[in-house]
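Just the one chain here, the form predicted on its own, laid out as structure tokens.
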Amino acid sequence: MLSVQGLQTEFLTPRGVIRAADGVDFDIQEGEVLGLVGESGCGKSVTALSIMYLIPTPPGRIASGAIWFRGINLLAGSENEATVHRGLGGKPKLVRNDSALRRHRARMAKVRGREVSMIFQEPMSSLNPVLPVGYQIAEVLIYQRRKMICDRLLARKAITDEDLELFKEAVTHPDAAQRERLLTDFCLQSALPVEKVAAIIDRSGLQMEERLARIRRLSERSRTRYAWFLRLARELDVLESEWMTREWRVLSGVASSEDDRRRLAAQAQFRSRQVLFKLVMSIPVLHRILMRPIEEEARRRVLEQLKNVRISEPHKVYNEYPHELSGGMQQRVMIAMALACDPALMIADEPTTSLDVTTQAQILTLVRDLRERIHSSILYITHDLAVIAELCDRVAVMYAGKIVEEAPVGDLFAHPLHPYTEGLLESIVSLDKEVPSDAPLPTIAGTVPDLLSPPSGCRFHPRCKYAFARCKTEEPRLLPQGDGRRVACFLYEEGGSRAAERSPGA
């Protein structure tokens, strides 16, 4: 599904160029969970942001590499967006090509959120503090899933007797809180706007039969009044998606002549339909009236998503602001936003770091359950190997901007190959081992190097207890070591001491 090849992401600072991701390579298969683990400052989050194309420019840029996702290279067409030139005094300066940058961001906007989504590390830095959380999730749906929303609205059937029975219960139930829940359920089930249904209920002097008749008329009117606009909005979404998809294929060098011809046709049709759409949307009254059913349908979808992430009162949380929610609830909202469009790949960047232990366990259980429900691939970034063991199928170990080891989770824990992986596993406190109470906790000596001037040769050699002369001068390559394993260490190259230990005849 995803193949990251030779990814290099760098940042221009007053001190020089920092290459935070330096030749990163890994693959993620359909339905697989890959864990990306390493100490802080190793480049894990930069790698994730590069996949999402969220690196701020300036000071950052993706210097080279390829990110293949479902047959297209997400970096195709971005080669000349930002280049490094020497300014006055020989200092490097990042020069942006705004035209190329806008075009590539427009293409990525149709992938980001729809096909690939991300759960960020800190919810309060990602959620807009002045908008209700439900509205923020609905925005994603309205932009990325407009065709799906229009299809559901156009396929809406006439209201049924079962729906009307639920409406009667919502009107007559003695408990106010329960009436509100029943009203929400009725509107979700019948696809009718909450405000108009509530107005019919609150209208004094109306008999039940009159209320039922008004509900039927509202349902019929909602099904037919906006059909032309829904068809126009759906057609725009279909044409734009086809245009962008075929443009990706052309830029990635995998397109046929038919792809190029249909791209140009879809682009021309989209622009002709867009003229009418923009004209209608430019009139505030029409914009408000015509977009209302789409917004209501998006709201219903958001309430379903909030239920899926185990928020008990979704209709209440929908209208709350981020600061009104606890940390765990904020993270659930972030997960609901990431899953709103049922993405094929979800990136989770340490989503439990800022939460207490109990809430961490709940979020991890939720992520595992959602993975089984939607069958999405997941790139899970963490520095906690216990989470890796519980959640992931494979793991990639990252150090100083490079992948140093990749293996199935069971094999990595049973037999770590790279000295850095070995040190990470040794630093885990085990309850099975008896150790003196005054014994110091095991650690890896030293710190992650400064990426402005990384060590020569193997970047781990200043901290490695197995380092020898070659490690200080040559950089090891990430090479296969058995079934499904790769490691970047001279100890495992031909003639290395550990390669001999692992050979069949040893």
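Only the largest set of C-alpha atoms that superpose within 1.5 Å between the two forms is called the rigid core. Quick caveat, the model's predicted, so the values are computed rather than measured. Each residue number is its position in the shown sequence, starting from 1.
FYI, the form predicted in complex with a small molecule isn't displayed, but the following is about it.
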- Query: Heavy atoms within 4.5 Å of the small molecule in the model of the complex: does P56 have any?
  - Reply: yes
- Message: Even though the partner isn't displayed, in the model of the complex is M329 close enough to the small molecule, meaning a heavy atom within 4.5 Å?
- Response: yes
- Message: So in the model of the complex, is the small molecule close enough to Q121 to count as touching (4.5 Å, heavy atoms)?
- Response: yes
- Message: G41 versus the small molecule, in the model of the complex: is there a non-hydrogen atom within 4.5 Å?
- Response: yes
- Query: Using a 4.5 Å cut on heavy atoms, which of I28, I62, V46, I67 is close to the small molecule in the model of the complex?
  - Reply: V46
- Query: Since exactly one of L325, V238, L212, A255 fits, which has a heavy atom within 4.5 Å of the small molecule in the model of the complex?
  - Reply: L325
- Item | Core fit, then E115 C-alpha moves 2 Å or more between this form and the one not shown | no
- Task: Answer yes if the Cα of E313 shifts by 2 angstroms or more between this form and the one not shown on a rigid-core superposition, and no otherwise.
- Result: yes
